[in-house]
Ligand code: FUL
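This document opens with one chain alone, in structure tokens, the form predicted on its own.
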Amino acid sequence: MLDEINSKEFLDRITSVVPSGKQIEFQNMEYYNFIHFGLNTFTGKEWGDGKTDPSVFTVKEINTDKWVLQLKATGSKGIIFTAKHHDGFCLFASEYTDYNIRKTAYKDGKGDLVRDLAEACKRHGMKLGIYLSPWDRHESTYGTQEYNDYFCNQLTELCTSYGDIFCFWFDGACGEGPNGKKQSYDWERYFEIINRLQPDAVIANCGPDVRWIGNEQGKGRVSEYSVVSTRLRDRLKIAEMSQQKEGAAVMSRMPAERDKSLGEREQLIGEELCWYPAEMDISVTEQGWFWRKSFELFKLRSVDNLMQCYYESVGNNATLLLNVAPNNKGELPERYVKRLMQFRARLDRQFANEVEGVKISQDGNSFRITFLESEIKTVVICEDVTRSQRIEKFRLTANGEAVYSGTTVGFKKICNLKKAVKCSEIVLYTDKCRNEPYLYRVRLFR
């Protein structure tokens, strides 16, 4: 195996895998928000059963411009909104069900919250993404082929009526419906509709463009690779046969999002490969996705924790999807917004004093980074991912001494030095590399 994983043929094959244009655009967003909102906000549930009367939704007006401006002020680039959660209730005026926003007090039954948010995003330069739950505990056709038609009709509505969508976000929840059956989701049909009608949108989580990082606790891997086996991307197809004996055997051998060694050379031998970057999804509260009064009072993440999540996602070759749930007045809770602004202020302070005039020269697998003498605390390294991800182990030296060591770099690696170091040169040594390394950018901060 050692000869194979170090062979030129194998390494050339790994480093031939590169991101699509829309994957690059997506990862450039770095940090963006989830908004979980719906009937659950008013009932205190995480998963509604599809039987709740829409009249519990008592809010008549919602200032979506305020939502967008509040989140934009935290540095967010976009919002992924729960157009439909597992209860089947739609926050848009779908023509295919009356279990939607038109049956509530919102705008006297004439509103469409997805449209209002889409227009607010457009006005203020934010991107809109859509969460549409495949699991539907209200729709009577769930568990039959007709449900796939229903779901595709709603996808088409969302793709054609609300402007540009940057992301469609799916989860794999597949519980029993009202008829006691589970649904066989026609994923390929869903993906075809999105790719045809919204070709610039990535399909995330249960989708071919962006993968789940493997937990919802804000924990990243030490080494985060974007080149993985296509079997990870295509696991949904195999999952359908997982209840069968042969299917279960296949599933047991598949790479999984939770694997600590995901993307390591040994895992890629003999595999078809794809570019499949990671996304970390967390909530500003320590638990729960929908608003609860108790969460607002007692369960907020600390600024230190949010910073750590940022370093382990944006700072470690992934993106950060941070949920902020409106309350039962249709407002983003003041404590949530205040905490995110504190988080933003901490980030701004850390990256406020950038060193200008940085020059990079390459000598084989090492890079000499020169600049006017400064006291350096943070180094940000970005590989040129249009040439794939290549660095597997690196170290930084200043004044002849090691000041940082790490593994993968990828789209972005934030290196926080243990203490500031006064110097005019830093050398980046790539001690293990899949092929000749290429850097896109190096930034230094005092």
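Everything quoted here is computed from the prediction, not taken from an experiment. Counting begins at 1, following the sequence as shown.
One more form of this protein should be noted, the form predicted together with this ligand, which is absent from this view; the next part is about it.
| field | Segment that reaches this ligand in the model of the complex - one of 384-392, 60-68, 402-410, 31-39, heavy atoms within 4.5 Å | value | Careful reading of the contacts points to 31-39.
| query | Of these, Glu216, Glu373, Glu354, Asp304, which has a heavy atom no more than 4.5 Å from this ligand in the model of the complex? | reply | Of Glu216, Glu373, Glu354, Asp304, the residue with a heavy atom within 4.5 Å of this ligand in the model of the complex is Glu216.
| said: Under a 4.5 angstroms heavy atom criterion, identify the one residue in Trp289, Tyr150, Phe191, Tyr311 near this ligand in the model of the complex. | reply: Here the answer is residue option Trp289.
| message | Just checking whether Asp171 would be counted as a contact of this ligand in the model of the complex - the rule being heavy atoms within 4.5 angstroms. | response | It does: once this ligand is placed as it appears in the model of the complex, Asp171 has a heavy atom within 4.5 Å of it.
| query | Would Tyr131 sit within 4.5 Å of this ligand in the model of the complex, counting heavy atoms only? | reply | Answer yes; at least one heavy atom of Tyr131 falls within 4.5 Å of this ligand in the model of the complex.
| request: Classify Glu46 as contacting or not contacting this ligand in the model of the complex by the rule of any non-hydrogen atom within 4.5 angstroms, answering yes or no. | output: Yes.
| query | Hey, in the model of the complex, is Arg137 touching this ligand, heavy atoms inside 4.5 Å? | reply | Outside the cut-off, so no.
| Quick one: which residues from 71-96 get a non-hydrogen atom within 4.5 Å of this ligand in the model of the complex? | Counting only heavy atoms within 4.5 Å of this ligand in the model of the complex, the contacting residues of 71-96 are His85, His86.
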